[in-house]
Each structure stands twice: as C-alpha cells, then as structure tokens.
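Next come structure tokens for two forms of one protein chain, structure 1 first, structure 2 second.
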Structure 1
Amino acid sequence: MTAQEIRLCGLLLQEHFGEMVEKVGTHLLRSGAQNLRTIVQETNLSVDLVKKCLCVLVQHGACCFTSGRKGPGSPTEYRACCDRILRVLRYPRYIYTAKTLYGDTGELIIEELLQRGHMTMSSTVKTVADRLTQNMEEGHSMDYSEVSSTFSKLVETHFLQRCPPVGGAGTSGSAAPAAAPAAAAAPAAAVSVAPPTPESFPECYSVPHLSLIGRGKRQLVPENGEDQRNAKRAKMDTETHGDEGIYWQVNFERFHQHFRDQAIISAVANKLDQTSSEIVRTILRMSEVTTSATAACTKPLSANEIFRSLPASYNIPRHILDQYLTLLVDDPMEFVGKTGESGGGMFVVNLHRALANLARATIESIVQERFGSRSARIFRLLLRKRHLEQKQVEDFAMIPAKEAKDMLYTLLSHNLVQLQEIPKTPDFAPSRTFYLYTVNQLPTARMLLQNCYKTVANLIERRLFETKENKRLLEKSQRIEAILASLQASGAEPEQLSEVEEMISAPEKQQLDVLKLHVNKLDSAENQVDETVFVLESYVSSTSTS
C-alpha cells in the first residue's frame, strides 16, 4: 500500500461512502489487520459508528475479517483490501461493458450489484425489473423471467459469482462446503490463513433454482404520507424465493480478462488489419472459459478448429487463413505463437507477452508525450539494446552529442533511465569505470502506475475544490430547477416559468456552464487515466505470477 494508493482510496471512499467510512478505511489501510477495539481507540469514533462503517466495508468486499492471530479465542481482525477499493474507479467501465454485451438488463444488474456490494438473485431481479418498468411506457412492465435469464447468462459466462460462504471467523465451521474446512481447519498454526478465493468453492457458478414469478412494479411518485406506509409495507414483504443466504457479487477478474482481450484485439487491428483481429478474437473467444485468469498463454487451438469457428460473415478460404496465421506468428509483437504442427498448426495467444508489449507501448508513448520524440527515440533504443554507453547512445540514436546528453540527463532525473556502473578495477575509480545507461521495464511501469494513481487523486481533489468553490451557485441552480419542476408539474403559465428562470442572471449561468465543463472534463479524465492504470496494473500483476 503506497502513499499514493492510500490517498486515492481515501478519496474514493469519501466520495462514495462518506467521511466516516473513509476514516475507518484509511486507518485500516495504513495499519494492516486490527481488531475492533483497537480501531475504536485509534480513530476516536464511537463504537456504533465504527461497527456501521465496518459493515459497509465488508458488504462491499473492501474489508475482510479473519479470526485473530493468537488462536481461535482472540477477537476477529479486519483487514482492508486496497485493490478492491481502487476498483471503484472502474465501475463505469464495468457497467458499460455489461451494456454492450447484455443490453440494458445486463447493465442494470451489474449496476445494482456494484452499488450494493452483494445481493441475492431474487432481490436483484426484482429491483432491476422495477427499474426497467419505470422507464418503459405506461401499461408495459418487465417480466421477472427475462431478467432472470439475463442473470443466468451473466453467471454462465462467469461475470457474476457467488460470494464465498464464511466458514471460519470465530464461529465453528458448520455448513461450509468441502473446500472450506480444509482452509479453516488449520487453526493451531498461528499464521493467518489466506481467505479462500470464491473460485475454490465448487458451487461458485451454479444458479439456484428460484420460484420467482411476477412482473416489475411501477413505482408511483409518493407523497410524504404514503412514503411511510410504503416503507412499512416493503419491510413486511418477506417472501422467500428459495435462495436465501446465496449472495452474488461481480467477478472483477472476468471483466479484466475481457478488457485485456479487447486491448489485444484492438492492438492487432491497429497494427495489422481487421481480418487478423477477427482471427485473434475467435481464438480468444474459444479459450474464454478454458483459460485461467493467470495463464501465460491460451490453450493451443488447431487451425482446423479456428477455421470452423470463424464468424459466418468472414468467408475467407482456408489457405488465406493459414497465411494470416503465419503473418501473426511472424509479427515482432508476438501476440500469437505456434506450438505444434498437428491439425494444421497449433496456435496460442501469448497473453503475458502481449500484456508486456502493451505496457511497453504505453510507457513509450508517455515518454514521447512528456519529453518529445527524440527523447522517446533514445528511450526506445535503450529498451531494445538494454545497456548502452553515452557515446553509443549518440551514435545509434543519430542525435548530436550535446542534445543527447541533455535528454539523457532529463530522463535520468525523472528516473525513467538508470545508470549502471561496471568497474574495471575494484576501487570504482571514475576514470576506470564504465557507465551504462539502461531502462528496466518493470520498475518503470510500477513507477508510472504510482504516477497514475497520484494523477487520479489530484483530479478528484481538483473536482472537489471546484464544486466547493461554487457551492452556493450550484445550490441556487438546484433550487431553481426544483421550483421549475414543481411549477411545471402543477401546470403553470409560461410567464411564471420565465420569471423563475430569470432568477439566475446571465453571468451566473455562464459561470455554471464553465463549472459544468470543468467538472465533466475532470471526470472524463479520471475515466481515461483509469484505462492506462488497467494496462499497467495487468502487466505488473502478470509478471508477479509468472
């Protein structure tokens, strides 16, 4: 947990869950695993408040709890997960992907699950059906079965998964499935066991049999008096649908795999052409469920299988396909590799190498945009040739000595290039030592990743600052909009409406427009920096597993 990550997590928690949760969350992030009493003492908040905050964090998977380190009798310890909190930045991308794959229904299902942390299938289906009905025309409503089928499709393709049941954590393990006791039955060892992943449970992706029949209800705009009655009625509406205790959560790893596949396909499309990208897309689609999240390559597929599974719109003859495959294998990007000759040739997509190449391209483009194309040339040269002396850099890059020196020193001061000393004599005398410039891709990627986190945190802070500066103006405009809406609803004349609109003067309107433009730009920038974060993060995590 670096300082930048903690700062960013704090800002994200504050924006989405409030300041109290932010306090508890950042405290947990900074100090590792702690039990309830210590948290209460060190944050100076009341016990109830800390309990509520912890509940919210656990609900969203941002915090996990284990029984204490000193054995089964000690109090439960809570640990916050930095990665999970950083995912909040990517929520819009998840929802949009679900929309492109499964339409509005899928989009709303994912949105509901992201907002609530985890929910049962029945409550999700009901809420989504109600929301869809809300947007449909009068007299139409959404059937629960449609929503259920979309839900099942999402589970089949592993975008949703069941929450792992809690086997240990203080209570004697009872109804946990077979995998859990193996993990929870090592209490004697005082080492905290890593919590089992959701995938270690056999029932992770099985949809429960539900008895859920009905249609979405359209919610009428309630008056204040009705509000309470409706709320009471909702509380008493406790039908059971046969899936109590089975909670579903969004499977972020699967979404990440999807993003990674998309990145590879678009890279191939940019470098080669549309047909090759379709071929790669076919290979990736066929290996979706057979490849694990951390695999270095997909399972080998024969050219015959690829030919059979190409989409019907691409009528390329067999020998053209073979030529394309050869081209892909020979490409220096090494996205596709050949592992054998049977079946017309066995082909794999080299996932880790593809990620490394994508990260390298990202880093090169960052250097280019920051320092100019000649510095980028030097940088690329050093990436390829590993270690070069000062003189060699000038010669290979074909840049005059003085400018090359300047650029190298600038890159060195920004830590993008490192100096490696190779002594000729054991006393490291400068006149008898080789000084070689070098670039290490992995540490550079990590450093730029931290820069990205810092960038996003700065963007968020700037946006909060801008909204705070203009708070009075924003409130005024909200009030006027609300008045306008209520006037329109009660059928007012145009003169009244225009009178109300004139309550905001023209320069104020201009100020509001400028503010809106700034806030939109900052928000959009956050989304786009997150794309870079994704590429760099995937690369860093792929190297840690291989």
Structure 2
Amino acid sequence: MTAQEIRLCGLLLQEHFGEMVEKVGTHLLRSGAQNLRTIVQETNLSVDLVKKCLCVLVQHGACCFTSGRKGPGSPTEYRACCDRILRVLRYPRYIYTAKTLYGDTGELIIEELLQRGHMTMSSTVKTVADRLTQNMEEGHSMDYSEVSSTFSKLVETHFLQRCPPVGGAGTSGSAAPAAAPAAAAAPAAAVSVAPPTPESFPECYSVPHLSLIGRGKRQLVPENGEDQRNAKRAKMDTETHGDEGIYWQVNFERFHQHFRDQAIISAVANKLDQTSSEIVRTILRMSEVTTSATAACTKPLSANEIFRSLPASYNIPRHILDQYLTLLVDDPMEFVGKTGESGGGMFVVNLHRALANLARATIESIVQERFGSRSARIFRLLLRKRHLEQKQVEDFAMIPAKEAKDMLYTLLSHNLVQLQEIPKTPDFAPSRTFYLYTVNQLPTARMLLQNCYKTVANLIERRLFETKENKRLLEKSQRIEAILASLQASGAEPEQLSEVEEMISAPEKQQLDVLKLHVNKLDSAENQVDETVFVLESYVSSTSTS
C-alpha cells in the first residue's frame, strides 16, 4: 500500500463518512491489523467513538475483523481494506450503469445499497418503491412486485450477491459483539478480505421468497417532532417478510467485469467496425455469468452458438459471420482466439491479452499528451522492438540525433523508458558496453497508476477547497431554494417568489455560476481519471493472477 493510496483513501473517507471515521480508517491503513484497545490509545479518541467509527467501516465493507493472532481468547483485530475504500470513487459509475441496464428502479436499488453498505431485500424494495412513488404524479404509486422483479434480475445477472454468514467466514460469532456491538445485527460483509464468490457458499445468488404485498407510500411533510416519532415507529416495526437475516451487497467484481467488456467492445469497434464489435459483444454476453473475474479467457463457444445468439436486427449470414470471426482471430491485437474446430470452430475472447492491449494504448496516449507525438513514436518503437541502441532509435524513428537523444533522456528521467547495460567484458568499460533502451510495460503501468491516484486526490482536495471558500454563499443559496420550494408548494403569488429570488444579488449569482462550473469540471475530471485507473488496475491485477 503506497502513500498516494492512503492519502486518497483518507480523502474519500472524510468526504463520505466524516473526520472521525477518516482518522480511524487512515490509522488502520497505516498500522495494519490492530485491536480495539490499541486503536483507542493511538488515535486518542473515546472508546464509544472508535466503536461507532469501526461499525461504519464494517457496515460498508471498508474494514474486516478477525480473531486475534495470539490464539483463542485474544482480542478481535480490525484491518482496513484499501481496495474497498477506493471503490467509493467509482460509485457514480456503478449507479449510472445500473440505470442504463435496468432503468430508474435498478439505479435506486444500487444507490441504496451503496449508501447503506448492505440491506435486506424487503427493506430495499420498500425504500425504493417509496422513493419512486414520491416522484410520481399524484394518484400513482410503484408496486412492490415491480421493484422485487428488478432486484431479482440484478441478482440473476450477479450484480447483487448475498453477504456471507459470519460463521461461514471463519470468524467466531463472539468476535463481532466484543468490539462492535452495532455490527452484530449486520452480516459480515467485510469479515473476509476477499469478496464472497458463488463457490464460497451455495446460496450466494439465491433470491428468497418474499411475503411482501403492497405499493409505495408517499411521504407527507412531517410536523415538528413527527419525523422523530416516525423513526422510532420504524425501529419498533416487527413485521416479517421471510428474508430476515439475509443481507445483500453490491458485487463490485461483476460491475468491473461489465466495464472491462464494454472497453473491449469499444476497442474492437474503433479498430475494425461495428459488426465485429457486435460479434464480440455476443460472445461476452453469452459467457458473462459463467466466466470468473480472474479468468484469462472466456468459455469456448462454437460458431453455431454465436450465430444463433446474434441479434436479429443485424441479419448477418452464416458465411459472413465466419469471415468476421477469421478476421478477428487473425487481427494482431488478438482479442479473439480459436481453440478448436468442432461446431464450425470454437472461439474465445482473450481477456488478459485484451487488457494488456488496452493498457498499452492508455500508456501510449499518456506519453503523447505529456511529451508530444515524436516522443510517443519513440515509445511505440521501443514497445515493438523491445531493445534498441540510441543510434537504432534515431534511424527507425527518423528523428535527428540531438532531438532523439533529448527525448530519450526525458522519458528516462520520468521512468517511462529503462536503460539496460550489456557488457562485452567483465570490467563494464563504457567503450565495450552496449546501452540498450527498453520499455517494461508492467512497472510503467504501476507507476502511472500511482500518478493517477495522486491526480484524483489533488482534484478532490481542490473541490473541497472551492466548496469551503464559498461555504457561506452556498448555504445562502440553499436556504433561498428551500424557501422557494415551500412557497411553490403552498401556492404563493409570483410577486412573493420574485421577492425571495431577489434576496441573492447579481454578483452572487455570477459567483455561484462560476463555482458550479468549476466543481462540475473537477467532478468530470475525477470520473475521466477513474476510467484510466480502472484500465491500469485491471491490467496489473490480470498480470498478477496469470
């Protein structure tokens, strides 16, 4: 775990959970596994506050707890999960993907589960139905069965999964209440560092039968103290629906698999054409649930199966499909491979090879943006030829010697290019030594990944600074918007509305517009950098698993 990762994790924890949770989480990231007493002593926080912070982290899967390393009876130890905290950065992308695939209902289901860490199916269905009903016209409401159907589809496609039971994760049942009493009611979403898989327990993707009948309820504006009474009434509600103790969480690996597939499809469309990308999309769709997240390639599929599963709108004849498959197999990018001849040929998508090519294109793009097209030409040349002397680089790249020398040294100083010495004699005399320039893609990807973490952290800090500097103006704007909303709900006159709108002056409006523009740019930059982070992370993890 690097300093940049810890810094970014701290900023994400502070923004989403507050300073106290950030202090405890950052301390665990730096110190490793610790028991409750040690955490309290080293953070100088009260025991109750540390317990609450640990409960929040455990609830959201950002912390796992195990029995002590000193044997039975030793205190429970807590360990922060850096990878899980970094997933917070990708929350908007998860929600947008769910909206694209399953509409507003899927979007709200994923949003609720991300906000609360994990929930039961019945409480999720109720909450989402109420939120959808709130945004519908008067007299319309959302049926619980529709939300349940979308929830089941998300489970069927493995975007949601059950949290593993505490006992099945290898942690004693007494470990949780000892130091985190509030976490005892929740399942151990974070008991194990690794995310649960279908192989870990048999009912990971089994949807329980709910005895939940009804429609979403529209919330009324609460009077003074009414919201507190409603909260108490909700806590005391003991109605059962048949899924008590079965909690659900978002399967991040499945979302990452979807993002990877979309990146591969987009790359094929850019390299070849739309029809080729549709064939690759069909192969990936047929094997999306059966292929594990760490597999080097998809399950083999015959040409006959691919032909039957192609969308009817494309209307591709069989002989044209065979030509496209041959074209994809012969392409130097090697996205598609052929593993056999039965059934018209057996084809797979080479996932690790595709990720390596995507990472290579990303690194080349970064070099071109930072150092120019000529440096990118030298970088691509070294990637292709592996080892070259400086004179060979000048000749192959067709760049004057002085410029090529400057560019090579610039790339070398930024660790994008490495210099390898091959001596003719054991004394390493410079006159009798070959100096070869080369590019190691994996270390370069790791270095650029750390630079991306640093960039995202800088963007978040800048956004927080902008918001803090204009805090008074933002609060004033929010108060005015709340007053306008209440007046419109009560049917106020246009004159009253215009009077309230005039409470904020023209210069303040202009300042607000500039602030919103800056914040939107920073948000957009965060999302764009995260796309690069995802490609590089996927490539690094694929090389480690292979």
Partner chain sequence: MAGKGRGVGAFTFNIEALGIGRGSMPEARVGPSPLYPNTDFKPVPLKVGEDEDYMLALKQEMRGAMQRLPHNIKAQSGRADVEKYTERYLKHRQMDDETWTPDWNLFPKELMPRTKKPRRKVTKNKKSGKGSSKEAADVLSKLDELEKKDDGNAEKSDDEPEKKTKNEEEEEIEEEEYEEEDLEEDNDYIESYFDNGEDFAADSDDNMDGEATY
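If you're wondering where the values come from, they're calculated on a predicted model, not measured in any experiment. Here, a residue number simply tells you its place in the sequence of structure 1, counted from 1. Rigid core (definition): largest C-alpha set, two forms, superposition within 1.5 Å.
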Practice prompt. Pick out the form predicted on its own: structure 1 or structure 2.
Written response: 2
Discussion item. Does Arg479 shift between structures 1 and 2 by 2 angstroms or more at the C-alpha, the core having been superposed?
Written reply: yes
Discussion item. Rigid core superposed, I'd like the Cα shift of Pro507 between structures 1 and 2 in Å.
Written reply: 2.4
